[in-house]
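The form predicted on its own is given below as one chain in structure tokens.
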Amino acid sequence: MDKLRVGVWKFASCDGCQLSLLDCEDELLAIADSVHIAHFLEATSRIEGGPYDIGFVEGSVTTEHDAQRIQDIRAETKVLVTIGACATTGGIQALRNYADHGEWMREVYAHPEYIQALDTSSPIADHVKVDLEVHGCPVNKNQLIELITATIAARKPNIPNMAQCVECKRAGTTCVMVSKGIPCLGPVTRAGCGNLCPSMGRGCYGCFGPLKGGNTEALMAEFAALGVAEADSQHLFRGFTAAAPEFERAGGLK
């Protein structure tokens, strides 16, 4: 069987999700005979052209150049996978969507006329067809390996869609909202981090994005019952996945 030709590309991001892929180490070695890395500048300066069997894209679209480049990548890639909060929901840089981008540039840069950027930061799926999404900030490396091995075996990847609360219950972590009155996005956030923040006595920050079917209105009502002001509740949704439609509405953008 021919090796699976893989490409990995970076857009506006911190590189953390690409590093999560490199952190797989032993797992990648186990499937090395089945894959060929054709483009992955985080790992090698060697660049091979397409077509690619599977492509991983990290980062959001924030410039006109980005918008054109993702079109070119899509045309060369059979299966396009977005990895991480930036690629799937716009990332932390999507906070610009809640304000006047031009005003922010004038406040931050001495010469904003040299900055060429779109007014918004948007997920890859807003620009091209995306075949699969792997969420997280950063992504769960086990989910990445599951996706790659499933593609090699020509089967559907097993990427669960369950609330962060399920991970808390499995780990025996006491609910921080119930026991401490701490606002937590766990009930409306997709699981995948391994119960990181609640296990440390903090509320979930929503790094893995909104759970499909999650009821953000009901959660905000619970926040209000805890005495959290509406503005503070909205700010909880303006984080790593600020441009996810469900969180945009809860965050007061739409």
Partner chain sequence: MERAAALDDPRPVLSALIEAGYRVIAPVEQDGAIRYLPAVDPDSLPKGRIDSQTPGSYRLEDGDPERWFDYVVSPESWKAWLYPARRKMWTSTRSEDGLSFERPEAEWTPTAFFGVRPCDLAAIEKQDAILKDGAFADPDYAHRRENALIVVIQCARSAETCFCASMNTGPRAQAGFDIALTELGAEADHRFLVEAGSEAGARVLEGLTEDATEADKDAAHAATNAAAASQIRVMPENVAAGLKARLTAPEWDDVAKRCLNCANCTMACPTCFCSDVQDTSDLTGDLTDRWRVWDSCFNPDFSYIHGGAVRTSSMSRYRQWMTHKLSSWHDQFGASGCVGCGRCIAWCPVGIDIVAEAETLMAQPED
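All figures in this text were calculated on a predicted structure; none of them were measured in a lab. Positions refer to the first chain, counted from 1.
Not on display, but discussed next: the form predicted in complex with its partner chain.
Asks: Using a 4.5 Å heavy atom cut-off, which stretch among 73-81, 173-181, 92-100, 118-126 contacts its partner chain in the predicted complex?
Replies: That would be 173-181.
Asks: Within a 4.5 Å heavy atom cut-off, is residue 228 in contact with its partner chain in the predicted complex?
Replies: No, residue 228 stays farther than 4.5 Å from its partner chain in the predicted complex.
Asks: Would residue 203 count as a contact of its partner chain in the predicted complex, using a 4.5 angstroms cut-off between non-hydrogen atoms?
Replies: Residue 203: no, not in contact with its partner chain in the predicted complex.
Asks: With the partner left out of view, is residue 187 within 4.5 angstroms of its partner chain in the predicted complex by any non-hydrogen atom?
Replies: Residue-level check for residue 187: yes, a contact with its partner chain.
Asks: Any of the heavy atoms of residue 215 lying within 4.5 Å of its partner chain in the predicted complex?
Replies: Contact with its partner chain, yes.
Asks: Do all of 31, 148 and 169 end up near its partner chain in the predicted complex, with near meaning a heavy atom within 4.5 Å?
Replies: All of them do, each having a heavy atom within 4.5 Å of the partner.
Asks: If you apply a 4.5 angstroms heavy atom cut-off, which residues in 70-107 are near its partner chain in the predicted complex?
Replies: Not one residue comes within 4.5 Å of the partner.
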